[in-house]
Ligand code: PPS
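Okay, so here's just one chain, in structure tokens, the form predicted on its own.
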């Protein structure tokens, strides 16, 4: 299969028209794009999402969800939708043009709104991701982050989103096609990754390129990946560190600003179509490609080879050839990597899983050279020092009067006595006074208050400090969002202070329960508003019959056990 490297259609207007359009667009209603929408818009405009001409219309959306095809039959497995709030949707009429802006307010494109509808998100979750299960990051995003209304319609590109990092490594589909033409490359195999490359990956990519007699494009995703993944700055430094292990005349590194959905088989097919648009002829599909891990029953969302099956079924139509990912293992006696099905009988196989690698990094343990390149390990250690030197957040949750603040104060003092890292207490009342004084106690305002606490905690964690939070935080979805914010930078320890509502009411230090019972405080957690009991907190403490010092000590023991403080 040789590449057709003619340019692919882009959705940008000319530079002169863009200048004119920018001025006109200044008067249009504006939608501020989310980070995920910016990734989608960039690939719509530069042809990465060809044949789409804009965000999906309702008919196309329904068809893509049900059949993986647009209504005119084009193969397209992933809904690419512009989700907005009901409030914004109410201001928009069909046929109206709106300006799409980045987070600094720069107008990137205009869109003619042809469709506006409220999607059935549960159906979307079932059909696209295989289950309406909040353990799936994209399903959680769909229900807890995405706007309630979808807008569809064609877009007119004015300018690309601005990237200040790794600019020389970011290629549009047409820039890659031009590069391949210039280099005389006719067959090119793409390696998709969202993780740093270790020796097994290098071996795998070497073999794939050799088997296909093709050049190699390392094409990592630097848009949005899975919460908790290594940040893209570190990953790209790791890729650059191993590039010189590859023959320079046959290998190229280019970054793809894609917002992954972790949708397994559909995602793999989507990746294949995107790679075809970038001028590639072959595509490596891994075992459990783009799988998000375990569902809420503790089982994998997708079968290990489901993604390969789906891509294989459609590879001819897409016009790209799939290369099976071979699981590579290190054979000690031979001192080299082998595909697992070619290991000599009786040989000693060495392997380090992703979990084991993270453990070794977290505990500062040795990572053998047969597993990874010293240059990669050095980069990873720069970003992820051993756990006892990382920042972390302890997040107490429980009813009003459960003892959260008292235990949090005791914990703060114990940690300050140990020294080594700055400790900040973000107590509910203190935050209300200093960060959220304008907020009331409606569900929306309480959520906003918790998100602010989470934001500050994630910044403290990122900068190597310890954040101790003690809000009521009644809603599981909001606690999860805060966990995701923090876990981008360090550990998150949820502590459920499991004091019963009866005991809290007996204590009623501030007289709040009495007022709630009299109906003078509306939406009071545990009385007139629900509390989602944490299902799997890192720690549950009982305060009835246990003194404060002992409760705080239980948290200290947990932190020691997790390697966050030295024993």
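Residue numbers count along the first chain shown, from 1. What you are looking at is a predicted structure, and each value in this text was computed from that prediction instead of being measured.
Omitted here: the form predicted together with the ligand. The next part is about that form.
Undergrad: Whether 441, 449 and 525 jointly form a contact site for the ligand in the predicted complex is the question; each needs a heavy atom within 4.5 Å.
TA: Every residue of the spot touches the ligand in the predicted complex.
Undergrad: Is residue 472 near the ligand? Define near as a heavy atom within 4.5 Å, in the predicted complex.
TA: Yes, residue 472 is a contact residue.
Undergrad: Quick one: does residue 432 come within 4.5 Å of the ligand in the predicted complex, counting heavy atoms only?
TA: Yes, residue 432 sits close enough to the ligand in the predicted complex that at least one of its heavy atoms falls within 4.5 Å.
Undergrad: Is it the case that residue 405, even though its partner is missing from this view, gets within 4.5 Å of the ligand in the predicted complex, heavy atoms only?
TA: Heavy-atom contact with the ligand at 4.5 Å: present for residue 405.
Undergrad: Test of understanding: in the predicted complex, would residue 401 fall inside 4.5 Å of the ligand by heavy atoms?
TA: Yes, contact at 4.5 Å.
Undergrad: Only one of 498, 28, 501, 521 has a non-hydrogen atom within 4.5 angstroms of the ligand in the predicted complex; which is it?
TA: Of the candidates 498, 28, 501, 521, 521 is the one lying within 4.5 Å of the ligand in the predicted complex.
Undergrad: So the ligand isn't shown here. In the predicted complex, which residue out of 157, 223, 220, 428 has a non-hydrogen atom within 4.5 Å of it?
TA: Checked against the cut-off, the match is 428.
Undergrad: Counting only non-hydrogen atoms, choose the one of 28-36, 538-546, 52-60, 505-513 that falls within 4.5 Å of the ligand in the predicted complex.
TA: Of the stretches listed, the one contacting the partner is 505-513.
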